[in-house]
Ligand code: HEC
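Here we start with a single chain on its own, the form predicted alone, put down as structure tokens.
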Amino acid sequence: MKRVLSYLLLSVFAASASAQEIDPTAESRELMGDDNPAFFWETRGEALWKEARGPKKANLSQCDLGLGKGVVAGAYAKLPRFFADTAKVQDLESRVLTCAETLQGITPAEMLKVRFGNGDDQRSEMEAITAYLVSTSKGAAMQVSMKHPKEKAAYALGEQIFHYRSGTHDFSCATCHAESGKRIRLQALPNLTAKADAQKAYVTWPAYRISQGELRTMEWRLNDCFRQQRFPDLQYGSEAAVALTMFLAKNADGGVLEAPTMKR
């Protein structure tokens, strides 16, 4: 009986909350002011980017993220994109893996020994590097190219994956994120097929998750959505991961990057 009553109360609260935006990080923001713990990931990522490492004893300063070797500011706003040297469409994470292997001799397997941190002793180099690189594009507007045939194909594949229903619960990404005004308990769900919602969502990742004590990237966000759909893990930097990112990034065109941000 208590459980039923609690559910009803939550349902009523959720319904009334739909009329106004709830900020689950309000208390933390009040305590920390403008400070965001993501800063520590950004700092560590910058150090990793500039450190001579790997068999080739080189840093990543000559990595081309699409705007020329060594240019990082604004690069994230134009990713994913087609790269001629790999003949692939790559997002930020997959491009960093390419640069680490070609410039430093560090294999993707080595870079991904820890894909995602655990908020404690398990630290991910990729999360830190991603946080740093995204931070250098803060304030830039998303402007994703669709000129190359492979960029168009990646978007089409990402859209197909987004709407693909499968698994034990017959879920898809669209189950939660293709209709405006949806909520799960008290959590508002952005409609990622609508420009305004897609912009608002995409430009805020990576983000420091207060509840996890960890910085989370878009790669983690997609993988966690797969987990909630009861799908197998999304392979890091895979064609599917890049395609989904392309679909979301292009839908967010024109949005101004705010990341790394802070979330519940």
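From 1 onward, residues are counted along the sequence shown. Nothing here was measured: the structure is a model prediction, and the numbers come from that model.
There is another form of this protein, the form predicted together with this ligand, and it is not shown here; the text below is about that form.
Within 4.5 Å of this ligand in the predicted complex, a heavy atom is found for none of 115, 215 and 232. Of the candidate stretches 146 to 154, 174 to 182, 92 to 100, 131 to 139, only 174 to 182 contains residues with a heavy atom within 4.5 Å of this ligand in the predicted complex. Using a 4.5 Å cutoff between non-hydrogen atoms, residue 192 counts as a contact of this ligand in the predicted complex. Not displayed here, this ligand is approached by residue 248 to within 4.5 Å at the level of heavy atoms in the predicted complex.
Contact annotation for residue 187: at least one heavy atom lies within 4.5 Å of this ligand in the predicted complex. In the predicted complex, at least one heavy atom of residue 228 sits within 4.5 Å of a heavy atom of this ligand.
In summary, among the residues 67, 222, 48, 210, the only one with a non-hydrogen atom within 4.5 Å of this ligand in the predicted complex is 222. Shown without its partner, the chain has 244, 248, 263, 264 in segment 236 to 264 as residues with a non-hydrogen atom within 4.5 angstroms of this ligand in the predicted complex.
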